[in-house]
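Have a look below at one chain only, the form predicted on its own, in structure tokens format.
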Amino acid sequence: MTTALGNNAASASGSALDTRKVLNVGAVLAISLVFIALAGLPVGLDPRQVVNGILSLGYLSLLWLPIMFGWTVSKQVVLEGMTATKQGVGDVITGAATGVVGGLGLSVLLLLVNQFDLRDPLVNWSPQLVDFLTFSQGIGLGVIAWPVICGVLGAFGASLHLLDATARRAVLAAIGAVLFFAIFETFITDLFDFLDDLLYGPRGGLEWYAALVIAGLAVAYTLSGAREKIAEVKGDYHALTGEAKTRQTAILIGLSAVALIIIPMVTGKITQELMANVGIFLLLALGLNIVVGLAGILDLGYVAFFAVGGYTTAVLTASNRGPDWPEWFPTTPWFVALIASVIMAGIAGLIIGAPVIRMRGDYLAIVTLGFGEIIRLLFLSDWLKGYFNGAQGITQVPPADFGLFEVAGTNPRSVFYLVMFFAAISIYASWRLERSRLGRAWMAIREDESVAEAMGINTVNAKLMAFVVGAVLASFSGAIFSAKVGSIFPTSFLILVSIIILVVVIVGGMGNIMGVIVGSVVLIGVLGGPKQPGLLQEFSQYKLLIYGALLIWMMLKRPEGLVPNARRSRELHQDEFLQDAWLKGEVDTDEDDDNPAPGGSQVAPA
């Protein structure tokens, strides 16, 4: 036992190699690299250049993993009351060894792909993968190169722990800035035309000198202390109270509104179309945030309200709706159809919510999933084909006509402005509802429905109101979508839409309006929706894989989301909060709660 303790102490000090840990983490790295290779990302993304002639997006999809694993395997976990030991060369060796083990996984894969043909079950088991992994230079070089490359990158990831905080931030800022300018080339060149020839090569990707300049500027920015000044300004803003904070918030909202008005005027149609798609999914996410984020109702059939809003608007405005509609049934202006779609979506919310409102947990999720599919299949069915044209859908839906101007899909800028108008209404309504008596009732139900009911909250009415409000916000999105696309089909409302909107809310931060906005921009803007392209169009066929991986990582590492709600964070981290309070002596440990320990304070659950 003494020997084991000595080995552990030596490993903690960074002077010995923990073989078991290296093999375990290296094996996970090897499996991850092989999985990405067989998923087709390296070969599929290889044409897209990051640094012209030096690094492609395909190689980047593999090379970032050894760095991350090297960082992770050499990271110290310092428990409360313990002292962190100084990290040294041993940690770098650990990271390098982990990278070598992971690289051997790619070497073994390369040999297997070269010797055996398994393309029947594994479509990416191909000569193209061999050519990629060997750098088109032969098997021998690839087998030797990958353990060496991954070992060097693993050592680099581990060596980041040896740098002080400022130097580490500078290195990471340089890498992040280069990747940002390379990956978001389409958006940057669409916004600033003159940068196309200045920074990027003729076939895309940063020129090597441009990458060096960008990295240098990022390092200079980090070392200048600007980040600390920005953090100080944010801290001062959060410290404000009363009228001062209200005034500052109003100024920020005004500046944001001006920016949203100006940006579409100076960008091309690609960015305008992208922003319009983000706005449509933002409307949907704001509605689902009320249902899931505030009321805690896991609704997997939310796309049904989107469909009701879209079909109602299409039926009332299009001239070629189903033949069973009577001749006297009028075509209406878009604004009248919008009001009708809001009413129909509210009724749908009542119809769907009433029978399932007393269910909880998994049962509620499965039943709402079923209702979502029922609505789609009704629009698709032969029974209602005379009204909704079945699989043929409703085409020739006119643009949204406001008299002086029209909002049509051929003009994505106008669509974006219309979406932002309704998004502003939805954000304001969500903000007021969250702080209202009904909003507090929703949050009480989310935390513990039984306790909320015991406290006198009418949980049935409150949950039903959440369904109705969420349905109304979804109907806005459906009405705009039908006018934008000019047609409506049942295939536009697959269950996948509900799943992606749910991922947007979870990743952004459930129960937080700003989190929903960030989640919509990050996921829909970057990766795209179910059928809508994002900035990274190369990832279109892998977006669901990335969605799944991102969702798993968020649930494990940051369940509160990218921009968490303070109340939600306390709910998810209550155990850690109480443990930290106990260690700091802030919890009363006396048996008599009426007589707290001297110098201590009672900590009540959030």
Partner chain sequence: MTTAVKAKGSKKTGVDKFLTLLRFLLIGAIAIGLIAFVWQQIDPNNPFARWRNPDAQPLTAEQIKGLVVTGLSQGAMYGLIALGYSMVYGVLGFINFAHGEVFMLGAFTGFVTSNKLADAGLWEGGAFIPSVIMTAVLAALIATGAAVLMERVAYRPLRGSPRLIPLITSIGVSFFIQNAVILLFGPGAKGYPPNPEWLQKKRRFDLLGDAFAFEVEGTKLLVLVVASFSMAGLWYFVERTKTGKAMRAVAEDKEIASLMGINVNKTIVTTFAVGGAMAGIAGILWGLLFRSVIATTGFLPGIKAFTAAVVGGVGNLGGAMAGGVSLGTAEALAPLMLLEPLGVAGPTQLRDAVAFLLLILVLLVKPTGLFGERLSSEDRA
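Residue numbers count along the first chain shown, from 1. Note that this is a predicted model, so its numbers are computed, not measured.
Keep in mind that the form predicted in complex with its partner chain is missing from the display, and what follows is about it.
- Judged by heavy atoms within 4.5 Å of its partner chain in the predicted complex, the contact stretch among the candidates 483-491, 376-384, 323-331, 189-197 is 376-384.
- When contacts are judged by a 4.5 Å heavy atom cut-off, L551 counts as touching its partner chain in the predicted complex.
- Contact annotation for F181: none of its heavy atoms lies within 4.5 Å of its partner chain in the predicted complex.
- Put simply, L464 is close to its partner chain in the predicted complex: some heavy atom of it is within 4.5 Å.
- In the predicted complex, its partner chain lies farther than 4.5 Å from every heavy atom of P127.
- With the partner omitted from this view, the residue of L562, V43, M68, L545 that lies near its partner chain in the predicted complex is L545 [heavy atom within 4.5 Å].
- Residue-level contacts in the predicted complex: of V89, L223, A365, M514, one residue has a heavy atom within 4.5 Å of its partner chain, and it is A365.
- Using a 4.5 Å cut-off to its partner chain in the predicted complex, not one of I230, I343 and P533 places a heavy atom inside that distance.
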